[in-house]
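Here's a solo chain for you in structure tokens, the form predicted alone.
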Amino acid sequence: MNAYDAVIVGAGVLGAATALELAEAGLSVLVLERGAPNREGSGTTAGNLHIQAVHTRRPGQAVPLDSEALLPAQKAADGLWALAEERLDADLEVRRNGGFMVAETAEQRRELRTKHVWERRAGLRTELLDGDAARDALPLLGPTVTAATWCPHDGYANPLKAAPAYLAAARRLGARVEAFTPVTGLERRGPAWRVRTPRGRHDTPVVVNTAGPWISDVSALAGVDMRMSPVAIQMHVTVRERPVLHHLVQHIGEGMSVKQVTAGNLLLGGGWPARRMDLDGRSSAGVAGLTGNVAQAVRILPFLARLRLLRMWAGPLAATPDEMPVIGPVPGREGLYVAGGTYAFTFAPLWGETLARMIRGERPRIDVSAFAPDRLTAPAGDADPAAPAHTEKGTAPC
């Protein structure tokens, strides 16, 4: 048996960022990962850095998210991503070249104007453009685009590099990472948690649940019914092309994001649902997501029609029933913390810092009380430890 100041469950980008923050604070940290680090949602996501207000609904999404409520977190995350490569001493392929959020219909133009007001109120610098002005700025846009907002801070990072770089930095400070080590038990013993795995057990006063789509399963081990709605989303990538698209392009009314990554490939995503989510195996991509996403992307950026599609894939992500993030201490379970939910890649540096400050009894950089776990949990003591995790699979994309 070993003892640590904190045990983190999940080695995606959220768990990795949290490990670094705690290790920097001098805590002994163990990260446990059921599979390979960064293999699931964090490694299969688009890697977008969403700084301007996001669209509220994507294909198949049952509940619109509260886009305005996310803006303080997006603004704070922007500053942290600006420093990430220097802090980690690693090339994450962070590109903050700005982004366009486009509209086609009258209703979508109204949404753009509303979010532009929110952004100014939050202190985010964005510019509202009509269709012609948007095409002057980005001639690749198609004729159906009638308006756009421009944000100079939007961008992306390579999701295959971010979490590994955070883990490497945490390891340099003494953190331990155990891959292919699922957590099989969480028991409260006096002032500490006993964390059981097939390889052994560890005692710790702090457990951080950043297990992504498996948050409910891990919570259930501690007798907590955490209502989540994990979903598998689909991504598409073209063959390499000469550098033509230097900005992130998104759609305000329909789930779409397009960017050209450092290697030259065009990456198409936006939260389109995959054919099937399989939390016990591998989720699979489908034709419906492919045709929907590609048709939309070609309409907005017609030059994409001449590029050959190279491959597509699906990845499971954590989502909540209200489509908002979840972060903070779990009520009734002292020392147990959780973080996950929508736009976790963008928020990873901020959520890692926030969790570390909470654990050390310090005030977070921004108020995250609206994202507290109590809205998703059964009252403390009411949950049956033997009951299955409360997971509503696939009801809303993340």
Partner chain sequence: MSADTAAPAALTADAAVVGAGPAGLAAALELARAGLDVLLLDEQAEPGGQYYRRPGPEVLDAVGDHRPEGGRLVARVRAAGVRVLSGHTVWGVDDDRRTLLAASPGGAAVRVRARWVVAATGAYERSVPFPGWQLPGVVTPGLAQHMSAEGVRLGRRAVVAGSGPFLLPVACALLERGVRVVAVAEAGRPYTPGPASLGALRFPARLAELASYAARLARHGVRVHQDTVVARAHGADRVEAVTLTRFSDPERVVARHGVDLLCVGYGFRPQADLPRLLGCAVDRDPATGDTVPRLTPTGRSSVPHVYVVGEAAGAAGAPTALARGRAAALDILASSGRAPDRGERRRLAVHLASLAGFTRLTAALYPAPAELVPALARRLPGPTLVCRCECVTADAVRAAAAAEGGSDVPAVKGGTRAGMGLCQARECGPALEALRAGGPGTGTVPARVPLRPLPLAAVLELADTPGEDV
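Numbering follows the first chain given and starts at 1. Here the structure is a predicted model, which means the values were calculated and not measured.
Separately, the form predicted in complex with the partner chain exists; it is not shown, and the next lines address it.
Using a 4.5 angstroms limit between non-hydrogen atoms, residue 118 is distant from the partner chain in the predicted complex.
For the chain shown alone, residue 131 is not a contact residue for the partner chain in the predicted complex, no non-hydrogen atom being within 4.5 angstroms. Residue contact with the partner chain in the predicted complex: residue 192 places no heavy atom within 4.5 Å of it. Although the partner is absent here, residue 328 sits far enough away that none of its heavy atoms falls within 4.5 Å of the partner chain in the predicted complex. Contact annotation for the candidate site: 82, 87 and 94 all lie away from the partner chain in the predicted complex (no heavy atom within 4.5 Å). Residue heavy atoms within 4.5 Å of the partner chain in the predicted complex occur in exactly one stretch of 268-276, 214-222, 318-326, 109-117, and that stretch is 268-276. For the candidate set 204, 238, 260, 197, a heavy atom within 4.5 Å of the partner chain in the predicted complex is found for exactly one residue, namely 238.
Of the candidates 140, 310, 137, 76, 310 is the one whose heavy atoms come within 4.5 Å of the partner chain in the predicted complex; the others do not. Looking at 288-324, the residues that come within 4.5 Å of the partner chain in the predicted complex, counting any heavy atom, are 288, 290, 291, 292, 294, 295, 296, 298, 299, 304, 305, 307, 308, 309, 310, 311, 312.
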